[in-house]
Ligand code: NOJ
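Below sits a lone chain in structure tokens, taken as the form predicted on its own.
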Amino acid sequence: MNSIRKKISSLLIGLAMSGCVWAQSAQQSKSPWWKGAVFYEIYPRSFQDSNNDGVGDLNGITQRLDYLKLLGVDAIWLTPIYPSPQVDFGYDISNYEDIDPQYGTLKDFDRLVTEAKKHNIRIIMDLVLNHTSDKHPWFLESRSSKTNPKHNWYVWRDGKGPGQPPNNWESYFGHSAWQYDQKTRQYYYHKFYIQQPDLNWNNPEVRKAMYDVERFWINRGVAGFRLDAITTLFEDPQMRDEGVVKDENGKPMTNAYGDPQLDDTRTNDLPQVHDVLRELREVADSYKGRDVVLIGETYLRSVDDLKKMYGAHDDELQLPMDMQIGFINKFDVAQFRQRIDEAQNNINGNEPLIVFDNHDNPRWDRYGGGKFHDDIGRVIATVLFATRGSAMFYYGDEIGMVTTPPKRKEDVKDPIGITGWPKEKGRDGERTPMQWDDGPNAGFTGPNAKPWLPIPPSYKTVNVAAEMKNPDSILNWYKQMIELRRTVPSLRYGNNIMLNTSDNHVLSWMRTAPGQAPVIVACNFTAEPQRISFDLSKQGIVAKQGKTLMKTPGMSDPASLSDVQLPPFGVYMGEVE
């Protein structure tokens, strides 16, 4: 009789668990595609050159879709490919509804969208809303006279006096953010480069024009937008000076360009930004069934500021970039634990989008390198892919490309480096061409072409072809991590619970989902071997064994979860059995 009861009980438990799995599966099937997705940033001029002119292009990206499919990415974000004078390499746009000839044509773009769809890869465009090029027809009209209908499309002001700008605001690229225009005898505002005048987002005509741009690209098949510099759309209407930042001794600080360091409170993250985000979201959501995603470039002061970017009613950005975690820039277990925990618990249950680097910042080798370069890369990839949320990484991260800044000022292409040399060397170092193989020009362009930036000598060993053949390569680590995200529900959709919170050497956490085996993750943040013991009784788990999912090459499987031995910068991930 007891055996029959046990069988019935087991059957009921099995049915209940099956029900949980079915319910979770049904819930996941209703989730928008971008939840838990992996985004891959491509800097088009550096990814693949198809016509041997030394500059990457759209057809080159199309040629590499098989690789991207094999890597496992869900979407690719393209930095700007619009017509541009290329002062800031595409972020100075002169036409929002076409393709720059150096990258191809609209026909090439349409082909990329079509072929990417066949590979189950979506295209994300970079939408630069804060400013245009000074060669854009809108600005040419705007500066033609004070009475031109488009004069109010940009931020124009009279100076305080002869030769005096309206206030002390500074450009992110150095020096005053105001440029005097001889014809109108006024100053125009540019938060970024002089050739990037800021649009006036208080003007309803500007808003309508930019929302029409949004519709133009959605109609061409894009799946969403990364919104560049989105927090800088508005400025203090009273034009008050910004405060000067002082050090602990009360002495005014200076930036890399020798200017006073300002607190940015009058020109960044003003409340009016949220009105625009809601309107952009309304346009995106009007395409029913498309799940058009809005990703924000959101360098913010705190997780509370990040939370606001989703909107009080989840009606603004779906994925503001979480820079709080990836840009700690040092292996501090306590900080990582705190900020990951904040991303899980302090954003109203919204989806985090974790980012470690991009075209504006040194690559992840800033966390260290040398002897432990690949091991450090595995730690970073594990934090990126094995915590809850969506993930974004930068081309070349997956093979361990390193930041390679220019050694001479005459070699600098980036305007930031040209202005700030030698203290500020610019962003060329993180934009070098993709390293595909050990042949001429690393397979990026033809053997007789000159790449637009030099290819680092590391390409001889650090390249896709070599790492594909090596099962212990960082490339294969990325591939396996992404595949586990796709196939293990706890990793893609599960909750994130921090473990062993008093340990300052190993960062560890657990992912749990209803009806699924929990997954534990441990990352050694030090150059010394570490031992860690998992006691999961507080989580109601009595199991002591783990089924290894991933581990640092050469590491032994732990005999039990009570004694996991990690090599320097070692990683262990296992299902609790």
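Everything numeric in this text was worked out from a predicted model, so none of it was measured. Each residue number is its position in the shown sequence, starting from 1.
Just so it is clear, the following notes concern the form predicted together with this ligand, a form of the same protein that is not shown.
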When this ligand is placed as it is in the predicted complex, which of 396-404, 461-469, 191-199, 490-498 ends up with heavy atoms within 4.5 Å of it? 191-199
Contact residue in the predicted complex, from D360, D332, E97, E282 (heavy atom within 4.5 Å of this ligand): D360
Interface residue in the predicted complex among R226, R339, R388, R378, criterion: non-hydrogen atom within 4.5 angstroms of this ligand: R226
Touches this ligand in the predicted complex: E141 (any heavy atom, 4.5 Å): no
Would you please decide whether R427 lies within 4.5 angstroms of this ligand in the predicted complex, comparing each non-hydrogen atom pair? yes
Test of understanding: in the predicted complex, would F234 fall inside 4.5 Å of this ligand by heavy atoms? no
Please run the contact check for D437 against this ligand in the predicted complex: heavy atoms, 4.5 angstroms, yes or no? no
Heavy atom within 4.5 Å of this ligand in the predicted complex: which residues of 82-97 qualify? D88, Y91
